[in-house]
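Take a look at this one chain, the form predicted alone, written out in structure tokens.
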């Protein structure tokens, strides 16, 4: 029930934002009714498909997702600067590497977020996805720090699942 109400609220805000019609004149009542009808049909189809769950409507995870997007944006900016420094040197001396990055994430969503985050970060590309890890191509050996990959994995898991149990058993 909470997910249905949350999805309706999200779709209502999205519809209101995208419709751009904020006046009460002319055809506005008809437009409002069509908007409500489209939201009800969308939520009804989602219920009928039985996909209305915490993954479809990530209301609870929204703060974690927003924090992750902000952190990832900073990482992308820093990686852009790093790649720019590498390619702008007069003596382009890069050492491309293929590294296997271990992956121990709890959900498919977290694994997907992690793999895409690696690829979004300039200088690294997820080349192959396996059950126990990813094969990552890095533009230079300086971009293969295991601690950086571990931090991204932890943050990806928090963003996808809302909480992560740390190595010592405590919730973080």
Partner chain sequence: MSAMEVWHYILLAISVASMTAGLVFVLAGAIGVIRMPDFYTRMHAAGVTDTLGAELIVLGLMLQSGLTLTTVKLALVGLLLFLTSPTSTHAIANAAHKAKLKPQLKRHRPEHPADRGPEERKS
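Residue numbers count along the first chain shown, from 1. Computed from a predicted model, the values in this text were never measured in an experiment.
A second form of this protein, the form predicted together with the partner chain, is not displayed here; the remarks below concern that form.
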item	value
Residue 35, heavy atom within 4.5 angstroms of the partner chain in the model of the complex	no
4.5 angstroms heavy atom contact with the partner chain in the model of the complex for residue 107	no
Contact flag, residue 126 vs the partner chain in the model of the complex, heavy atom cut 4.5 Å	yes
The partner chain contact in the model of the complex: residue 69, any heavy atom under 4.5 Å	yes
Sequence-ordered residues of 98-115 touching the partner chain in the model of the complex, heavy atom within 4.5 Å	98
